[in-house]
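So here's one chain in two forms, each on its own in structure tokens, numbered structure 1 and structure 2.
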Structure 1
């Protein structure tokens, strides 16, 4: 659905995007991450035909944007961080205007359905200038979905939303995914990306550091496995017992809770359980803890990892 090869954008003062190669598959939710200044917005602008690449290749739906971008515009829906509205129009008029552009049949039903879903139907006859920021963001999402696009490009789609609004947008994204829509989403709310994305790309200083699913990202930065164990009590011998187990990298005991990091070479939970029980205590809870996307993201964008990427070890 989206393919770039060595995509580069250079401005007089800075090289904003540097040899970025992305591959977004049909029907997936693709998380596009990076700190401020990473080159995300510039990349999205090139995907939308708003900026022309300095060099490299870029195609959507297998069509190069150099050929005929307008032929594929009606298959794309876009939500930006700061959507623009026509001040003289009500929300209904705004949506009706866009529905006419895309020649949507039964536009009234489509508009009502989407407005109801995001809790805006009762505000349809109010101008967006009177909406809160979160309401404007939801209206922008409705406009992007009107024509049932095959590809959604979302740049901070939940910006300004309260938790209820975030859930509404998340449900819409999940519905679009189930219908087969490809979703390219850039967001600083990593918990939402973690919930919805099939694969994730991380940008930093204009370069693509990694492109993988979440488990692959976790494994790239840490091959160990973390296990949290709760016991009835901590025997005096337990620290020594844990230190003597070869596949335990380290451990931390806090009251009746034990945090254990394993080497990840195999599933050692049974052996860990046996060692703890043999020390003279009883396990009342055990769970495997995976690194969050936030922890993984911070590791990838750490200066040490960026140094590795410049040396060609992480691309």
Structure 2
């Protein structure tokens, strides 16, 4: 669906995007992560033809934007980071204008249907400048969905929204995901990407550090398994017992809670349970915890440990 090879954008004073090679498959939700200034928006601008790449190749739907500009643009829906509107138009006029540009037949029905769906129908004759930020973002979504795009590009879609607004936007994204739309979502709100994305790419300082699914990313930064155990009490011998278990990499006791990191060779939970019980205490809770996307992201983007990531993918 989207494919880039060695995509580079250099400005006079800075190299914003360096040799980015990524592939977005049809029907997937592709999370595009990176801290502010990582080069995400510049990459998206190049995908949309708003910025010309300095070098590298880029294709959408298997073809270049130059060769099939109008057919590609007709198949893409975009929600930008900042929802832009025309001051002099009401929400309905704004959508009607975009429906005309996309040559949508029976536009009234489509606009009313989508406005109803996102709960903006009764506000259709109000100017978007009078909307709340969440309403404006929903209106941007409606605009992007008017022509039923095959590819949805979302640049920081939940940035600046309150939890209620974030939830509404998340529901919209999930609906589109279910309907088979390919979604390219750029964000620095990691929890949102963790919930929705099938595959994730992490950008940092203009470079694409890694591209994988969440489990693959976790594995590439930390192969160990974390187990949290809650016990009735902590016997004096417990630290020694845990230290003697060969597959426990390290442990941390905090009150009645023990955080144990095991090597990822196999499932050692039964042996851990037996060792703890043998020390003279009773286990009242045990859960395996995977590294969160935030931890994974921080590991990848932390300059001091960047070198720990997948061999060959990072300088």
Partner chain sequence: MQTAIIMHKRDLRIALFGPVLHIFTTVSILVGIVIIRNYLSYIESNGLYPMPDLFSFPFRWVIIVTGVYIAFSAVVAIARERESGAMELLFYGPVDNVSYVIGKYSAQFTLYCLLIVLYLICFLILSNITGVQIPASFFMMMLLSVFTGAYLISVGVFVSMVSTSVRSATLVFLALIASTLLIQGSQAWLSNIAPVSDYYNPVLLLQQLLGWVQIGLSWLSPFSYLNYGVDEMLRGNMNAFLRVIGLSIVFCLVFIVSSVIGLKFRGVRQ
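We call the rigid core whatever largest set of C-alpha positions still superposes within 1.5 Å between the two forms. Just so it is clear, the model here is predicted, and its values are computed rather than measured. Numbering follows the first chain given and starts at 1.
Engineer: Which one here is the form predicted in complex with its partner chain?
Structural biologist: Answer is structure 2, the other one does not fit.
Engineer: Core aligned, does the CA of residue 143 move at least 2 Å between the two structures?
Structural biologist: The answer is no; the displacement is under 2 Å.
Engineer: After the core is matched up, is the C-alpha of residue 242 off by 2 Å or more between the two structures?
Structural biologist: No, shifts by less than 2 Å.
Engineer: For a quick test of reading the superposition: does residue 117 move by 2 Å or more at the CA between the two structures, rigid core aligned?
Structural biologist: Yes, because once the rigid core is superposed, the C-alpha of residue 117 moves 2 Å or more between the two structures.
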